[in-house]
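Have a look below at one chain only, the form predicted on its own, in C-alpha cells format.
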Amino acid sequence: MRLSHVTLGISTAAILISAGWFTLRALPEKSTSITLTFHAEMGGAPLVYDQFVYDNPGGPGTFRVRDFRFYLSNLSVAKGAETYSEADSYHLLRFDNADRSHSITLTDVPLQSVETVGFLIGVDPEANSSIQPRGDLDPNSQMAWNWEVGYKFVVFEGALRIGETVSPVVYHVGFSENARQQSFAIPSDSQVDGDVQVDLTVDLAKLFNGATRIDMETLPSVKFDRTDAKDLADNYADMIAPKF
C-alpha cells in the first residue's frame, strides 16, 4: 500500500511537470545601476563662472568663464571580457548649476559588477555626419555648426581682461578627428549593494594648459583652424580623471 502511494506521487509530479505546472527556470542575472558624476573644477577648486579670477595660462591678464559644455558619447562599462554599451549614447554635459556637476545614470546594466568605464569626449564620425537626432544630439541646437553637418564637441566662451581692456575668448572645437577616447578603472569601493557611484573631475584648466599652453591674448578664438583645434583636443584629452 505504501508503494502505491509513492507510485501515485511520482506519477502526479510527472503530470504536473509535463503540463507546465512546474517549471524550472534559471535565476535572473544580477543587474547593476551605475551613476557617473562629473565635477567641474579649475585647478582643483570648483569652477567659478562670470568672475575674473583665473590667470591667463600663457600670457598677461585674467579671464572669466561664461559658458563651458561638451559632448560625451559611446559610453560603455566592462567587467573582464564582458562589455555593456549604452544605446544612443550621446550626452551634453554642462555645469552651470549650483554644485557644478553633471550626472549620468545607467540602469539595469546586465553585469554583476564593473571594473572599467570608457567614453569619447566628442561625437563619433557616424553620428557627427548625420542629421538624425539621437541622445542629446540635435542639429538645430547651439552645439551644431551652422556651416556644415556636425557638432561642436567642446565649447568654451569667456573673456580676457588686461588692464582696462576686456576681450571675448571663444573656443569651439568639433572636427571629427578631435574626438578623444577615455578609459578609467573604477575604484573597488565605488560599488555598494549592487549600485556603482563613480565621481570624476573635469579640470577646465587642462583645456588651456596641457600638451600646449594657450595664451588667450594671442589666441582669442578657435573655430575653423584644424591645427588650433587639434592643440585644444590634445589638451582636453586629459581633463577628465577619477575623483579621489
Partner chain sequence: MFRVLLSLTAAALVFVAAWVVWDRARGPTATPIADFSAPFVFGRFSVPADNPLTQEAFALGRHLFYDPILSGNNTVSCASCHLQALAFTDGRAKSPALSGGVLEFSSMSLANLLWGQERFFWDGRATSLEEQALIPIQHPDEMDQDIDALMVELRASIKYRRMFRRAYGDVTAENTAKALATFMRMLISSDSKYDRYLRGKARLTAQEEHGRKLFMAHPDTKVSLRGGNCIDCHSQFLTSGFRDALDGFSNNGLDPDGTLPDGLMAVTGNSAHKGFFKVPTLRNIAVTAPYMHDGRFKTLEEVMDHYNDGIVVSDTLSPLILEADNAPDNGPDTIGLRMTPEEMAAIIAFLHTLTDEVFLTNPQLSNPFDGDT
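Residue numbers count along the first chain shown, from 1. Note that the coordinates shown come from a computational prediction; the quantities given were computed from them, not determined experimentally.
This next part talks about the form predicted together with the partner chain, which is not shown.
At the 4.5 Å threshold, heavy atoms of Gly118 stay clear of the partner chain in the predicted complex, well away from it. The partner chain is not drawn, but in the predicted complex it has no heavy atom within 4.5 Å of Ile162.
Put simply, Glu157 is close to the partner chain in the predicted complex: some heavy atom of it is within 4.5 Å. The partner chain is not shown here, and in the predicted complex it never comes within 4.5 Å of any heavy atom of Asp231. Only one of Leu137, Val114, Leu106, Leu75 comes within 4.5 Å of the partner chain in the predicted complex through a heavy atom, and that residue is Leu137.
Checked against the partner chain in the predicted complex, the residues Ser129, Gln132, Thr83, Asn97 give one hit for a heavy atom within 4.5 Å, which is Gln132. Stretch 149-157 is the answer when you ask which of 149-157, 121-129, 106-114, 75-83 has residues with heavy atoms within 4.5 Å of the partner chain in the predicted complex. Along 214-239, these residues reach a heavy atom to within 4.5 Å of the partner chain in the predicted complex: Leu219, Ser221, Lys223, Phe224, Asp225, Asp228.
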